[in-house]
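Just the one chain here, the form predicted on its own, laid out as structure tokens.
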């Protein structure tokens, strides 16, 4: 008789609960999204849903519409009643036997959680420390898939070293992004004009090697609003160490200054003026959404 065991319990294979037969468990066969709310309003919902739709299309998961996902998110958010919420959801290809090729007509599985966001005031006002870590991820990082083991290992290493985030570095020594964030540097640039002459905002250009971060989009919009030149070009590790300012952008905390990079203080070891100006401009984006 085909058998299964969960912890110490033996059971017939056909009696295994559906969650244990989800293809996400076997293969990471699914995509996810994280959205947040500010004071009871979901920020950039349509941007996140568009990215989620692109991820579904990229891995060919069918049988669920973005409109269905939108309604489920809104219903759950209204019921939760959490003002500053983290909304996580994923869709997997479905549940079935452990076979790379799914059975015809397999129905996708949907899962969602809504939790209260922790206050990030201390991190945003004092800054955080980060380390660099080899970028060991697959070649389609533009897809927000459930295959996150390299991200987890990088984040765990950062935690072991008393740091908040791991900054991923490719084989050419160029920074791609953080393990769970977009990465930005305020660098010297003699050709940069505008309200911040001699300075520019550097970040990796959108390609398959990074996630199309929604927060990144609004950081760039904020930079343009304050007259800061934006250069979408990867930052090498030595350039990051020599930068005037560094910061992360992540959905759950928006802009977070970096004050220590691989043990080296950045700038004056505190959040810089350009980063603070960007944080204020980002708040304007939130208010206008």
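Bear in mind that the values here come from a model prediction, so they are computed numbers and not experimental data. Positions refer to the first chain, counted from 1.
From this point on, the text means the form predicted in complex with a further copy of the same chain, which you will not see here.
- With a further copy of the same chain omitted here, the record of contacts in the model of the complex names 136-144 of 136-144, 213-221, 120-128, 186-194, defined by a heavy atom within 4.5 Å.
- Contact with a further copy of the same chain in the model of the complex, defined as a heavy atom within 4.5 Å, is made by none of 44, 250 and 254.
- Scanning 109, 204, 209, 132 against a further copy of the same chain in the model of the complex with a 4.5 Å heavy atom cut-off leaves one residue, 109.
- In the model of the complex, a further copy of the same chain lies farther than 4.5 Å from every heavy atom of residue 52.
- With a 4.5 Å cutoff on heavy atoms, residue 32 counts as touching a further copy of the same chain in the model of the complex.
- In the model of the complex, a further copy of the same chain sits beyond 4.5 Å of every heavy atom of residue 286.
- Contact between residue 40 and a further copy of the same chain in the model of the complex is not found at the 4.5 Å heavy atom cutoff.
- Residues from 1-15 that approach a further copy of the same chain in the model of the complex with a non-hydrogen atom closer than or equal to 4.5 Å are 1, 2, 3, 4, 5, 6, 7, 8, 10, 13, in the order they occur in the chain.
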